[in-house]
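Only one chain is included here, represented as structure tokens and corresponding to the form predicted alone.
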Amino acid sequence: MVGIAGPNGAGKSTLISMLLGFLPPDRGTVRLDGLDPRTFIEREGVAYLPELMTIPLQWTVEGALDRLATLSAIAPAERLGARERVIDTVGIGEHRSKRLKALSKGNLQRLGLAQALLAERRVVVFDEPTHGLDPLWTARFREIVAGLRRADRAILIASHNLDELERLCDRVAIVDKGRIQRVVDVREAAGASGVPRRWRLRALVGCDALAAQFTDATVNGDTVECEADVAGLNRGIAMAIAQGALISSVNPAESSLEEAFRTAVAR
């Protein structure tokens, strides 16, 4: 599972368009399992959720999924089962007879997710998949995507939500100015203990004693922000506790992916 992150205009959508065969590259080649994208898609299909679904708004939810199942080359005898399966997966059964123009933005996004799940595909592409989803369905989306993991399946997620990518992906490609600036191994970055980073600590008692253990620490009320590697952080906290401090929380000031993104884009 690979993420694509980058500022607006970095080239994320262009990259996806080339992977899906909508645009040819100006130079070089794009291959899916050794094939030209259009050839691969014509043979096997790709599950794709675009950032904005553009389906005729006079269609009903059931009608849209029936038509999209036909376009996905699902056998006629299997279409009803596929439609009911995805309606249940994304929880839009109560809206099945509604016209799309009556759906909220979040429910339209869930319909888009449903159509991407109609057929079993080896390549899955999500472009801003949680756009418009409420917190409950954002969490449900994570569960659905986790269930799509398979040894012979590639999943690509483009998103501005770095927290989402860090939770879901194995690697994240950071794109800026039309180039991949850095590829971050999310698990490896999160476990890098010897690298100094910014931390945000809260102390119920002894905030000043805690701040005194770190150079360049700043204090704001009951919160101390400092820079240290994991070992230095633990030493400083232990010394502050020995002096009577009560620490209520320890968190990175920014995630490892946020830090990598900021560094790569600034460079």
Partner chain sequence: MIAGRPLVGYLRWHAQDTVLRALTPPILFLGLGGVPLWSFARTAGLDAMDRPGEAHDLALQIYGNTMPLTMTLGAVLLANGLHATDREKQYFRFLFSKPVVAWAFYLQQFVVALLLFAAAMTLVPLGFGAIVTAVPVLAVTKSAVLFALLYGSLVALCGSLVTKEGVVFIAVAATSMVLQQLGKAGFLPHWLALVAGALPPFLTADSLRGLWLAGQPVAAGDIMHVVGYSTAMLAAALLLVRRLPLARS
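Positions refer to the first chain, counted from 1. Only a predicted model underlies this, so the values are computations on that prediction, with no experimental measurement involved.
Here the subject shifts to the form predicted in complex with the partner chain, a form of this protein not shown in this document.
Contact with the partner chain in the model of the complex, defined as a heavy atom within 4.5 Å, is made by all three of I41, P56 and L71. In the model of the complex, the partner chain stays beyond 4.5 Å of every heavy atom belonging to A212. At the 4.5 Å threshold, heavy atoms of Q115 reach the partner chain in the model of the complex. Using a 4.5 angstroms limit between non-hydrogen atoms, H131 is distant from the partner chain in the model of the complex.
Put simply, R235 is far from the partner chain in the model of the complex: not one heavy atom of it is within 4.5 Å. Among Q243, S17, S248, N251, the residue placing a heavy atom within 4.5 Å of the partner chain in the model of the complex is S17. A heavy atom within 4.5 Å of the partner chain in the model of the complex is found for exactly one of A231, L52, V205, M239: L52.
For the partner chain in the model of the complex, the listed stretch (63-71, 223-231, 26-34, 196-204) containing residues with heavy atoms inside 4.5 Å is 63-71.
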